[in-house]
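Given as structure tokens, the chain that follows is alone and in the form predicted on its own.
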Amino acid sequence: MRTVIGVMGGGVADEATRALAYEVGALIAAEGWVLLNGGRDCGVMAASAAGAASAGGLVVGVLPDDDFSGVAAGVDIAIPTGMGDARNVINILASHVVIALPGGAGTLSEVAHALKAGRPVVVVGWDPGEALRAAGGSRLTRVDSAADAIAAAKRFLGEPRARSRVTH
């Protein structure tokens, strides 16, 4: 089974966040990992998909609607759910590690779901708040760059619990 890295972040993102998402996507692909995101053609989703696609990576998009409309150009496999924001749980449970870029309430919910499910979370370029930092403990780390996010994901994947999710 291939390693799946979930990239979460805002559907509305400024230029710096989109550039960061693009770089994260390209680095995920360079590792040979699968990038999973919300699949929409906006913000962090579109930018991370484009970055991974530019580096020859595989991108899975878990869509909120029940059709394929609005899918980001870089998505290879689109999964329409008809679940709206409830699809956030699918995004998390299908990921071995979650990389969270700046976003809003949806991104915060994804970080919370990941921590509750025991998934490691790498927060890049923003502060998830005291409550999530406390809940995350050693399963949440904050970094400032795409390269540091990939290094943190590698550390998490090297842990026995994360490794067991990848190999079974």
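For clarity, every value in this text was computed on a predicted model and none was experimentally measured. In case it trips you up, residue 1 is the first one in the sequence shown, and so on.
The form predicted together with another copy of the chain exists for this protein as well; it is not shown, and the discussion that follows is about that form.
J.: State the residue from 50, 60, 101, 29 whose non-hydrogen atoms include one within 4.5 Å of another copy of the chain in the predicted complex.
T.: Looking at the other structure, the residue within range turns out to be 60.
J.: Look up in the predicted complex whether residue 115 has a non-hydrogen atom within 4.5 angstroms of another copy of the chain, and give yes or no.
T.: Yes, residue 115 lies within 4.5 Å of another copy of the chain in the predicted complex.
J.: Quick one: is residue 106 in contact with another copy of the chain in the predicted complex, heavy atoms, 4.5 Å cut-off?
T.: The answer is yes: residue 106 has a heavy atom within 4.5 Å of another copy of the chain.
J.: At 4.5 Å between heavy atoms, is residue 19 in contact with another copy of the chain in the predicted complex?
T.: Outside the cut-off, so no.
J.: I'd like to know if residue 121 sits close to another copy of the chain in the predicted complex, meaning any non-hydrogen atom pair within 4.5 angstroms.
T.: Because no heavy atom of residue 121 falls inside 4.5 Å of another copy of the chain in the predicted complex, the answer is no.
J.: Using a 4.5 Å heavy atom cut-off, are 2, 79 and 82 all in contact with another copy of the chain in the predicted complex?
T.: Each of the three qualifies.
J.: What residues of 81 to 97, in sequence order, lie within 4.5 Å of another copy of the chain in the predicted complex by heavy atom?
T.: The stretch 81 to 97, when checked against another copy of the chain in the predicted complex, contributes 81, 82, 83, 84, 85, 86, 88, 89, 90, 93, 94, 95, 96 at the 4.5 Å heavy-atom cut-off.
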